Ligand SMILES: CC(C)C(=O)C(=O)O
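Below sits a lone chain in structure tokens, taken as the form predicted alone.
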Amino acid sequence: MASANERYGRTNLLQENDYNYTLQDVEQANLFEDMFDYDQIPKITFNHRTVPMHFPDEIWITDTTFRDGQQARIPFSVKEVVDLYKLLHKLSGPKGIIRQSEFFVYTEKDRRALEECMALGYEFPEITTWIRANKKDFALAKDMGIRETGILVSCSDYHIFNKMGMTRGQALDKYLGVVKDALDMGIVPRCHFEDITRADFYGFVVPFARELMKLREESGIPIKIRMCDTLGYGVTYPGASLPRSVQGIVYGLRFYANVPSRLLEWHGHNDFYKVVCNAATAWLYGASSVNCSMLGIGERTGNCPIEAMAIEYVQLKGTQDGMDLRAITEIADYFEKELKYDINPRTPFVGRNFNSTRAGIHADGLLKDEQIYNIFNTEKILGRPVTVVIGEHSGLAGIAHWVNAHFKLEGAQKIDKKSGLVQKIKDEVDRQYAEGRTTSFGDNELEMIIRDADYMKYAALCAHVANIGDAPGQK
């Protein structure tokens, strides 16, 4: 078995582990009905047991945009997959923070997209697959040069008893047989523990994981475990009880099943608004990787957004580690412009208004010091300058900020909120709202107001932008 240092990291303490959990092959399914009464909102229960934090030496992100993400939208074309894969590579950086990307291989289009991405020769993200658990699909993955593939191994009694019509013992035997088939072909199996947050953790999850680690030792091939919070039930509250405790799941697999951090991956869904916090907690308590998708696209409420975890990585590690975070903005632009995908304008980091303000008092603060109302230097880090949306309550400060930002005025060129031009714009804005307008003003509309108010000033502003090589909106 793995050494104590490999399993737990050096603690300089004696580690007591007298528990050897074996399969509990029950006659009736344990559906945790007190917790998951279908006619009520699920309950969060507490046993007041806490586990130690264990941040791995190395953490990374994996991507499922082209697998789980495609199950929630119109399938990508081959070109779209290749374009987005290039952006993932750019975001990943030379250290491979976006370590892997997961593809389907079932259709001719899927295989062409995979082959074209492989032909780019990128080390990161490594291309992996997700396949059905049969030898034919293993052979397909092997023939395409794939090193690792995902295998579905549902672990809650909802799935074992109610979906597959099996006992736990039968399910365990089936799963282990499939994993052995993958090992026989020299493929790294990534076992997707579906619905782990409703599973009997000590009665099935830990015993199954222990058997997988035995196979890992016998074969010399790493066997990964993806902890799938399929319905987003995971919680991070201290003392919350299993099976919903994220830290309890990660700790339990490390401590009781001897699974090294590098072989643990968290895959969450956002049904209860907890997907980012759950993923970060999985990192903090010992999982090296978290599985995400671009913009969080995925089943129902979606997966963990890859852009969120890229930013979370920097917050936790204190470094970008070579990631090009401007790729986040390029990914958002691609989805909106090329794929006609509507991003909620208030979505953090990628929405049109995530670093915009409508409030006049906030705009006044931005004029004095951008740091007062912007989360970080979004222009430098994400290529997204802070903006002001002109509406009914923007005021003189908001209009002045819009003019300066839109026409890229710096230093002494900046227009003060006391400027006569700013007052003329505000007068027209106020007039339109007084006559019943309810929508905010677009950039082109505001340009027209400036042109009508002071054509010479408008021409000078446009000339300034033209001189720095980036014209504003339509004239």
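All figures in this text were calculated on a predicted structure; none of them were measured in a lab. Heads up: residue numbers just count along the shown sequence, starting at 1.
The same protein also has a form predicted in complex with the ligand, omitted here; what follows describes it.
- Though the ligand is absent from this view, in the predicted complex it lies within 4.5 Å of a heavy atom of just one residue from 224, 244, 89, 269, which is 269.
- 130 is the sole member of 138, 354, 130, 175 with a non-hydrogen atom lying within 4.5 angstroms of the ligand in the predicted complex.
- If you check the ligand in the predicted complex, you find no heavy atom from any of 84, 294 and 336 within 4.5 Å.
- Of the heavy atoms in residue 194, some are within 4.5 Å of the ligand in the predicted complex.
- Although the partner is absent from this view, residue 253 stays clear of the ligand in the predicted complex, with no non-hydrogen atom inside 4.5 angstroms.
- The ligand in the predicted complex is approached by residue 152, whose closest heavy atom lies within 4.5 angstroms of it.
- Of the heavy atoms in residue 304, none are within 4.5 Å of the ligand in the predicted complex.
- Note that among 61-69, 22-30, 436-444, 411-419, the stretch whose heavy atoms approach the ligand to within 4.5 Å in the predicted complex is 61-69.
- Scanning 212-238 for heavy atoms within 4.5 Å of the ligand in the predicted complex gives 228, 230 in sequence order.
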